[in-house]
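Shown here is one chain on its own, the form predicted alone, set out as structure tokens.
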Amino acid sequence: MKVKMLSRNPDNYVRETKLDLQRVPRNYDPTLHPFEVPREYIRALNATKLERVFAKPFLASLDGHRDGVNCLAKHPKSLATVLSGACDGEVKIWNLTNRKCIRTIQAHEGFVRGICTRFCGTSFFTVGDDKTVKQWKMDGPSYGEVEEPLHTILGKTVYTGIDHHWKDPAFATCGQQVDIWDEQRTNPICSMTWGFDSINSVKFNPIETFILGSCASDRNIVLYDMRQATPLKKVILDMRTNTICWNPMEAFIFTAANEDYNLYTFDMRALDTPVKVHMDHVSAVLDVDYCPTGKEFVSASFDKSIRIFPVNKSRSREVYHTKRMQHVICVRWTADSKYIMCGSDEMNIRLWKANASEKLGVLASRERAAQDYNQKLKEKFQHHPQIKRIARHRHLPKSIYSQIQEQRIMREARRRKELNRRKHSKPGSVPVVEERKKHVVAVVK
């Protein structure tokens, strides 16, 4: 005789306290859940809609400058400290936690053209229209002391940019040529030039720290090696590059912000073709900065907006703008990869969230689990037309929207003209040129 007995362990279904959640036994056999996919799709759709509902990226505006903000710099050791230089020669140090200016320095006569911090964070350097390079203490003067620079170097020409070495007490300035300086000397260690035009910006590579890149007004991007004291190679584009930024995770990759409304990601080992062309802006791109993870970068444009691009995508995932924001001149991504700062013509520094719908503050474990679950659902159904449409939709200012439509018509006209020309020409006489190769004129080594 067989006797079947039910045996249940109370630990599997009884709550320990009345505050706990009820434990629900689940059988994950797919045959028992025939409507699982439709149910998950509805959840993914709701999660995508809620993400757009809660997308409020703007956090704060730091006002206090009396002229347009021309350059920004991050503190290498402190997340809350930011430095900004304005067009009236004023430098301000901000505390992002309190959203207050903690110190103001009248650093130069005329524009502050560039600002950078020392790798240890004890001091910072500025260059301006008055042909000087000045080094300042990060901490303010003690009681009764006068605000004076630690060192002042008087140059022969106007310096347009500055960047500090990531590990050594050396920095580079640019103007008519690229100069490498030792902090203890008043004359440059070496000067490098290739061509005769003025150089807009210079940037050290954060990984291969002896490599630096510069971009000049004659449409060149030039790479240098400090150890050789000579330029390595240069790439000439169709239009002028305003600045470059190195990827902090990949030593050979850098992105250039160009006047032709595009950004170009290059591999320095093969400069003849960009790795990616990033297109979405409708005016000249003035600045670019990488996220510390190296997976995204943010760009500032003359079209009064900033955009966030994934490194491997040609289109932006996010566009930020406000009614009062004018031409955005400089942009920086904070070292914890959560926030973005931008400085613009109308004297304000704005603070944004890197993820527009991210909830700030401490999250409960259930809240975090729900966010992760929703994120996985959105990834699973991201190519579904309805979800894709909602996730991509952005409200744009009328000026940007109309320019996008106009450029789309122009691009279509150019494509149609090329197709007609190819159709009525001898086979092979009008070659097909891919988008990546259209904008590079030459590579010189």
Partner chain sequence: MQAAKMNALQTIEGLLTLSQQEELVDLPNSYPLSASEDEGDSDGERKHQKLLKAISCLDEKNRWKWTERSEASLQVSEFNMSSEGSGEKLVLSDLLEPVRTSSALAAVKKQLNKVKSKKTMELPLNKEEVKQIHREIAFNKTSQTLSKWDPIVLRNWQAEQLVFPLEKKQPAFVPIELVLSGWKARTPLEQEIFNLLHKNRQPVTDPLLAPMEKAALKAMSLEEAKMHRAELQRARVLQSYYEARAKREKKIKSKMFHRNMKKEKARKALKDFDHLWKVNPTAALDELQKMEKARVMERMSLKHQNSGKWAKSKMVMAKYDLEARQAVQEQLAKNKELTHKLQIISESEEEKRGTKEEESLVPDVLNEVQMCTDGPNPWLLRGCNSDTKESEIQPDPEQQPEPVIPKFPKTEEDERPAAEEEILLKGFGESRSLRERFQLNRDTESVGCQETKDSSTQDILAKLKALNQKLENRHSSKQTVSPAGTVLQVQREECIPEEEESLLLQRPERVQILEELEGLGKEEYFQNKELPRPLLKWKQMKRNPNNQTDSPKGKKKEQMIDLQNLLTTEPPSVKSLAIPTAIEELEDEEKQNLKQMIKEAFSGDDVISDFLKEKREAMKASKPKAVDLMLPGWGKWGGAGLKPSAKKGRRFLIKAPEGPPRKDKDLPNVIVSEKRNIHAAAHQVQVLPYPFTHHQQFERTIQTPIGSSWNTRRAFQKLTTPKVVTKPGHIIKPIKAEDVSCHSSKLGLSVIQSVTAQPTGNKKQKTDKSFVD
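The term rigid core refers to the most C-alpha atoms you can superpose between the two forms while keeping them within 1.5 Å. Residue numbers count along the first chain shown, from 1. What you see is a predicted model, and the numbers here were worked out from it, not measured in a lab.
We do not show the form predicted together with the partner chain, though everything after this point is about it.
Can you work out whether Lys338 and the partner chain are in contact in the predicted complex, taking contact to mean some heavy atom pair no more than 4.5 Å apart?
Judged by the heavy-atom cut-off of 4.5 Å, Lys338 is in contact with the partner chain in the predicted complex.
Mark Tyr401 yes when one of its heavy atoms lies within 4.5 Å of a heavy atom of the partner chain in the predicted complex, and no otherwise.
Judged by the heavy-atom cut-off of 4.5 Å, Tyr401 is well away from the partner chain in the predicted complex.
Looking in the predicted complex, any heavy atom of Lys438 within 4.5 Å of the partner chain?
Although the partner chain is absent here, Lys438 would stay clear of it in the predicted complex, with no heavy atoms inside 4.5 Å.
According to a 4.5 angstroms non-hydrogen atom cut-off, is Asp372 in contact with the partner chain in the predicted complex?
Yes.
Taking the partner as it appears in the predicted complex, which of 414 to 422, 401 to 409, 57 to 65, 33 to 41 has residues with heavy atoms within 4.5 Å of the partner chain?
Among the candidates, contact is made by 33 to 41.
Check, residue by residue, if Pro248, Ala251 and Pro292 all come within 4.5 Å of the partner chain in the predicted complex, counting heavy atoms only.
All of them do, each having a heavy atom within 4.5 Å of the partner.
Among Phe111, Trp352, Trp194, Trp181, which has at least one heavy atom within 4.5 Å of the partner chain in the predicted complex?
By the 4.5 Å heavy-atom cutoff, the listed residue in contact is Trp194.
Within 4.5 Å, heavy atoms only, which of Gly175, Pro188, Gly89, Pro231 is in contact with the partner chain in the predicted complex?
When the partner chain is considered in the predicted complex, the option within 4.5 Å is Pro231.
Would you mind checking 207 to 231 for residues with a heavy atom within 4.5 Å of the partner chain in the predicted complex?
Ile207, Glu208, Phe210, Ile211, Asp225, Gln228, Thr230, Pro231 sit within 4.5 Å of the partner.
Could you check whether the CA atom of Val14 moves 2 Å or more between the shown form and the other one, using the rigid core for the fit?
Yes.
On a rigid core superposition, would Val433 pass a 2 Å threshold for CA movement between the shown form and the other one?
No.
Tell me, please, whether between the shown form and the other one the C-alpha of Arg23 is shifted by 2 Å or more, with the rigid core used for superposition.
Comparing the forms between the shown form and the other one, which are aligned on their rigid core, Arg23 does shift its C-alpha by 2 Å or more.
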